[in-house]
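Two forms, one protein chain; structure tokens for each follow separately as structure 1 and structure 2.
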Structure 1
């Protein structure tokens, strides 16, 4: 059996192919049609052979077709053999708490949650529809970012709002990036030769979206994101947590409506909104190094937000054994890691400057006397999704 893993963005499609039992993907790829004009950049790696091309793709159906055809042509996906498809879905709510085979009930529930995950659930649904149309005989499995947080303590998922909002409307903290955080917590235990049951770790998933999670004994006990993926540190285009009174003021004093606020908070804030340069951390970093005051401000705010999340999460643990950085910014920006950890001396955390600058994931970059180890861990959401697909089809998923 082959497993095709699909991770859909608003104008991009990441995909991987796995064999039935291998832990490493035999192929990975990205199709990005964000530039418009019906053309997309396509990068596919099969083993060490990477090929970059332009392809005709302007939506998830076309991109999924290109992905399947390309993987088939290059021998990474055998269409005549048994194939299963795993889909990353950000928000499963309280009804979808475990990975599950996709049917009409599941897609309906994912659609109902689109209003609280507007950047994520709609593209996931479009990719699911496309893949089910192209591979109608394959089992399709949804793997949810929210599932890792199913066991959060009640006092950490109920908000200090009228209790009826929780009871009647289901407003509560969910948490996101759970697929990545779960993998990183387990990988940290492997790297430190510790049993997951005995390890306390804070994992920081820092990319276009940013979140931090405290895990004790393999179970998530607290997280920075909330009812939606807007909460927590500032992100690429998302504001992160802000004073809700600002939103009331913007409505009353400046006439913003719900759609205006949604656009501002989700698409016009964060690194982009503060720097005025880009939502891409690398571009903001380059602008700051070239003398842009607003870009430098954005970087300082970003680091402060991550540092604050770590500090808050540390209070939920009886001790901290490891701090882990993952995802695009977390893995690749040594300056960001240094800035974050520079303010964590109160937790006894120290990083080795040379290791931080020179080491690639997976690695330990802490100083010898650091009270907690500091780890760089390569994000492997695709592997976690493939594992979940195998578990669901074997009937062993939790």
Structure 2
């Protein structure tokens, strides 16, 4: 049996193919719109053979078709064999926690949550729709980014709002990127040769979205994202947490309506909003290095946001054993890591400059006398999803 993993992001579709027993993907791919719709860039690696092309794929529905066709043409997915499909779904709410087989009830619930995860749940639904059409006999399993936060203590998920909003409207912190944070915390324990049950770690997932999570003994105890994936440090296009009074003022004094606010907060803020250059960290770094004052400001604010999240999460742990960076920015920007860690001296965290600049994930970049280890970990949501698919099909899902 093969497992196809589909991860529909806001402006990309990532996919991997696994054989049932192997932990490593035999093929991985990315279809990326780079922020625009229409023709997309497509990169597919089967083993060491990487091929890059432009493809006609308007949206996640079309991209899923391209993914399945490409993997099949390249021999990484045999359509006549048994296949199971794992889908990353960002928001499962309170009803959908454990990884589950997808049926109409599950897709309906994911659709209902689209209003609170507008960048993520709609693309996931399009990908699920396409994959179910293309592979109608395969079991399709949804794996939720919110699941890792099932044990958050109540005082960290109830908001200081009218209590009826929680009781009657279900407004509470959910937390996101859980698949990535759970993998990272487990991988950190493995890298440090420690039992997961004995490790306290803060993991920073810094990609297009950005979040940090404190995990104690394998259980998420606090996280920066909230009711929606808009909270926490600033991100590529998302504002992160801002003074809610600004939103009241923008409506009263400047006539913005809910759609205006949604667009501004989700799509026109963060690195893009501040720099005026791009939502892509690399492009903002390049502009800052070329002298753009606003790009430099955006980078400073970004690092400040991540540092602040780490500082705040550190207060939820009785000891910090490791700090881990993962995802596109976390894995690749040595400057960002240096900037974040420079301000963490009070936590006793120190990174080795040369190791920070030269090491590739997975690696430890802390100085010998750092009070906590500092780890670079390659994001492997696909691996976690494949594992979940196997356990759902084996009936051993948690």
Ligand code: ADP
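Note that the coordinates shown come from a computational prediction; the quantities given were computed from them, not determined experimentally. We call the rigid core the largest set of C-alpha positions that still match within 1.5 Å between the two forms. Numbering follows the first chain given and starts at 1.
Undergrad: Please state whether structure 1 or structure 2 is the form predicted together with the ligand.
TA: Structure 2, not 1.
Undergrad: What does the CA of residue 11 shift by between the two structures after fitting on the core? Give it in Å to one decimal.
TA: In the core superposition between the two structures, the C-alpha of residue 11 moves 4.3 Å.
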